[in-house]
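Here's a solo chain for you in structure tokens, the form predicted alone.
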Amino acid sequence: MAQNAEGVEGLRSVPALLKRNATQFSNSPAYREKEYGIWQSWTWSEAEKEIEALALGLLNLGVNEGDFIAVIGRNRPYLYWSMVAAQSVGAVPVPLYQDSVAEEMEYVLSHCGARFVIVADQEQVDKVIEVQEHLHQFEHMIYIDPRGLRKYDHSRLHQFSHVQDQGRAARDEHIKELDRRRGGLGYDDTCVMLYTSGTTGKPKGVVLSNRNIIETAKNSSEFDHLREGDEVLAYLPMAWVGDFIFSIGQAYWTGFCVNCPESADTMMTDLREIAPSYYFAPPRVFETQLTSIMIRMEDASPLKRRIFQYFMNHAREVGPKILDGHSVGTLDRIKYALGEFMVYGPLKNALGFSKVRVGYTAGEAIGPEIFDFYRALGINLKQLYGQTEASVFITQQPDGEVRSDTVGVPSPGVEIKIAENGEVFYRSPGTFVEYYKNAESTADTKDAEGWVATGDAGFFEPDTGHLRIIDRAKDVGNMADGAMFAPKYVENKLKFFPNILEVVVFGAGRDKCCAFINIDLTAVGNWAERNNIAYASYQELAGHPKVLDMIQSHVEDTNASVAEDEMLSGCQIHRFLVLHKELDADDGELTRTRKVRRKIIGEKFEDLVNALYDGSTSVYTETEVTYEDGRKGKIKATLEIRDAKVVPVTPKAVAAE
């Protein structure tokens, strides 16, 4: 359907979609939340009433059109209602990452000039209070959970339910103004502002319009045939664009139900209870779940292990073919059906994937073995490629065209072109309006014709039309001999091993590649227990000789794989060390979405980088860390540096850009 000033089907805003859903799907579930072990449910009609009461309460507090309202907390219906209520009064919701420290919150709250903040609990209240004297436009804070807040100064602090009650009491006074504001929402008015993760600098406020969200939600929902009866589990950060498009954009377009887990600790249990039909997780979640399965199988009886291996070997052969509708022999189908009864079905049920009709992963490359494992079980797991600036969707994999090494074809309504230097550009109805208060970055990213620079390097496969992403364009460079350097390509290959959590590869302008490696404490810890290796801490386990032997074997296997690629064979890792601490967002080494801050890590651990390149066999280091309670401390360690076997090749030199 063509874009127009009136919106798709005349629906110009998320509040307009809410009104339609409250009429069309009035008794269908819109939200569920597990609290104290019991699932609470709200229909679309009930959700509309809750949102309207809050919107009236916001008017009663003095919210003006164009105000920014920050929203902070874990996934809860109340906070999704807060974003829609903010939109209803003509304000702009700005969700923040709930695990951000106070200083990070201060930057975003100050940058957008939020007058109002809606938070989940005392923890978030305390963080805002800690920095409020620097927030010159801040006026009121609303909290949901009153526990621990009774003795606080409530002159500018309000309980969520009380704001709703005051809104209901003042309905006659404010309803005409609310109707005016809701009715006046335009298709090109701001729907939400989401901040980037700040990989290379300060986060940028990405302004997304109603047009961006509604057109993208419509197109992506139709692509995967999403419908009212679908169920999703909302557990990823509310400040992330993916959660916004899944839990508000697509949910409000299709009318499906958004389920909020009780906590991060109960997420897997809640996932099994809900058994969503539409599910998204980053590769790390799928990898963790698979690691858990394999650990459990190691502890199973020999008979169970043999049954599992027998049927999984068969599933890998025929499962993806059956899933994609290809021809499979009768005997193979019968054997697969028996495997479904004995292995695949119970396994999917234990994972919470028994009803998944559409599953997606994105953000990082996923290991082919991991990807194929889930598809072998009959789970329709696919890959997408997207950005905050695109309202998520740039490419998607159509059913029947799913592969582990591509990110699919352009999403509906999206145009893509590849620049001479290999950088991927796109434009679409989801293309962001601007970076807030940052005209220079907006102009650098989006040109006058609407083409957006992704910052990623990739190419289209000529035979399939699928896009393949190589690396971040700015990270792709040359080594001293002119060979191509693409660190992400190697990092992802190493992270396919369940024992490896994170990798940072160095080598631009140098004669060889070296790497920092983080072990996965859960996977390696279980391996250590099975091999009677005692350890008292992450640092002790990471430095154990047998762990280093294991990691060295992974590095050398990766080198053999990298050597097969003519363009990137020069990226083999010659030397590596296993870091004494996990890279952490609280220490500034990762973004809140767990993206590596390569430059910051290189500067922070400059002594370790130098030791990798000067031939040292060990290096002593002291590192400042941030504990969970915010205290700072130092950890000291002497790290062993290892040489890894490389495959002799003559890498193809490329011209420097």
Partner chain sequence: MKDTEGYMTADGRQIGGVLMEMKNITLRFGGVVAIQDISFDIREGEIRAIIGPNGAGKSSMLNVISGFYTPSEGEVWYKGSKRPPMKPFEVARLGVARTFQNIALFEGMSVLDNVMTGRLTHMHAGIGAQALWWGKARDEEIENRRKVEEVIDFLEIQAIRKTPVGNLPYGLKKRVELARALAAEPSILLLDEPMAGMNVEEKEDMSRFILDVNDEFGTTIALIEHDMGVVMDLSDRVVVMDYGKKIGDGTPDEVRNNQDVIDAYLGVAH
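Since we're looking at a predicted model, the values are computed, not measured. Numbering follows the first chain given and starts at 1.
Although it is not shown, the form predicted together with the partner chain is what the next lines describe.
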property: Listed residue (Pro146, Pro368, Gly509, Pro346) with a non-hydrogen atom within 4.5 angstroms of the partner chain in the predicted complex; result: Pro146
property: Residue among Gln137, Thr464, Asn531, Ser263 with a heavy atom within 4.5 Å of the partner chain in the predicted complex; result: Ser263
property: Candidate stretches 147 to 155, 571 to 579, 333 to 341, 309 to 317, one within 4.5 Å of the partner chain in the predicted complex by heavy atom; result: 147 to 155
property: Contact test in the predicted complex: Lys34 vs the partner chain, heavy atoms, 4.5 Å; result: yes
